[in-house]
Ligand code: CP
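Just one chain is shown here, as structure tokens, and it is the form predicted on its own.
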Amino acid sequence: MNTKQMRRALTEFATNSKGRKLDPVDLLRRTDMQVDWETLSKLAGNSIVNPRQFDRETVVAIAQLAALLETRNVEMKKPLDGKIAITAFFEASTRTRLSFESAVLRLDGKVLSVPDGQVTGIAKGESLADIGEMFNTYGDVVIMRHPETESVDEIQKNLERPLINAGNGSGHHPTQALLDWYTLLKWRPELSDRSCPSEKKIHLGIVGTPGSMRAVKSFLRLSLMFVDAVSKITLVSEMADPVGLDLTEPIEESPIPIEITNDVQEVLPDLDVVYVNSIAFLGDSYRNLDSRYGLDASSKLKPGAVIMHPLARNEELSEDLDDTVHNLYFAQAAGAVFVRQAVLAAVLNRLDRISDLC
């Protein structure tokens, strides 16, 4: 399939209705229409629980495969035929649960869904370790979200199937970070180059508290790997120490200049990418970002700058930005299915069923 045919095929897929629309063909062309299958094959049978498991090559390879899947009618291949995914969500979710389930079903796999933890034995006091034991015989992969940070360790005491962490308290959200970087690589494919031109490198602003925001924490962790693409990172937070223990060492070791400020308006005109999140997990409850850090159409954004947000949003991101070129957050959400398809195909060792798509 040539480039023109690939672009035509894209019209068959639904995409975001507002904001920037991204073309995965641009990313594939940047990588010579190839996918790094060897790197992806190393994920077979592995759990995906923390972004530190990845390196830059793996992130780019997943993005390559996601871009390929976004341009193909892969359903005909039935890559996950005979596989059952258990989506166990002990915490509320819209985009993550549904995009995972859509990814499985579109690849012809089957889903056993737990949309609410209170309908499980948890309501009777059952342990996650015992639930993990049961899951071994019910499915082939477990996708879990849980409000407790320790939940990943607890369920893995007995779980022998691969686990994909869909968010654990203030811990991590690795597939969200993967789709975030998939979005950035589609938006500016040069970021995938080891020799990214200096004029294409990005000053990345993160508005939030990585230490208590799992999506932000995972995104920052991956961003630190792109030393050849990120010229500077500015953290904007109301907290004096927003980083947390998980990120202290990688930040100290990173060659990327990193600064911390509490004034978003001061740095906003210099940022190429503004990553915003609103919800911080503090102890046993959630807290929204202070209204001082809100963005709207009157904010002094750099021309061409883009805004990212893992959603759901609150007052920190105004709807009057939705129809502007700064809106990358809807395109971000639209890419979720393809990234999660790529992860599932790799983890469940079904890459051979789609490797001839190139």
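Numbers for residues come from their place in the sequence shown, where the first is 1. All figures in this text were calculated on a predicted structure; none of them were measured in a lab.
Although not depicted, the form predicted together with the ligand is the subject of the following passage.
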Looking at the ligand in the model of the complex, is some heavy atom of each of R95, Q176 and L311 within 4.5 Å of it? yes
Though only this chain appears here, would R145 touch the ligand in the model of the complex if you measure heavy atom gaps against 4.5 Å? yes
Can you say which of 191-199, 204-212, 260-268, 168-176 gets within 4.5 Å of the ligand in the model of the complex, counting heavy atoms only? 168-176
